[in-house]
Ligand code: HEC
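Here's a solo chain for you in structure tokens, the form predicted alone.
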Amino acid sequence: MFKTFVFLFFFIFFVATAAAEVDIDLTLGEEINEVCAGCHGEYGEGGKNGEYPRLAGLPAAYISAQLKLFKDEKRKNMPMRPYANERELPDEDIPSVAAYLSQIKLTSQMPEFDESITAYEKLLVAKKVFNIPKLEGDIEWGEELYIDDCQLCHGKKGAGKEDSDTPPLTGQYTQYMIKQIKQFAKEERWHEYSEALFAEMEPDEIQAIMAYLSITDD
């Protein structure tokens, strides 16, 4: 009887574990990203001063969660509608493109090159250099506000947490983040703590937090 119980336990555990495993195909993810690149850039660097956010290096869990929200139209975004649907992006493809984008590494400055590097190779490296311009504002106050309201979920200095569906904030366009805060405040985009954090947040407080994040290391 005991042996039968043990066998059933491990059988159920094996089946559950196998079902939870997701096939990741980075080649497929790269192919899907060719469509995303039209707005978000070849390397997921975003563009148009934050109209299209940076995706490179974001946690795969976060990217997957947002794509599913777009598909279910629980996160409203007109530019995403032609792409985030079952025909163009089946659920089984989401983990691959999310994993591909999450492993892209952008740098904040050009490295030193030796004489053997060609101009073309320098150009390829330059495409992965990404900087957030410093934003004017009260940086010390912004740090205090960030620590009080944001650090618990978004990590120390906004670097985020690995394997989390909560994104990093450093290295993201400040214009994009300000737009998202306004959507949270108006409940146009869901956030667990919208009422507590954003409903009464003043513009100068938002500016201070963004100024602080714009100088922190990605």
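Predicted model only: the values in this text are computed from it and were never measured. Residue numbers here begin at 1 and follow the sequence given.
We do not show the form predicted together with this ligand, though everything after this point is about it.
In the model of the complex, this ligand lies within 4.5 Å of some heavy atom of Met177. Although the partner is absent here, Pro79 is a contact residue: one of its heavy atoms lies within 4.5 angstroms of this ligand in the model of the complex. When contacts are judged by a 4.5 Å heavy atom cut-off, Tyr43 does not count as touching this ligand in the model of the complex. Ala159 falls outside the set of residues with a heavy atom inside 4.5 Å of this ligand in the model of the complex.
Shown without its partner, the chain has Leu69, Phe70, Arg75, Asn77, Pro79, Met80, Tyr83 in segment 69-86 as residues with a non-hydrogen atom within 4.5 angstroms of this ligand in the model of the complex.
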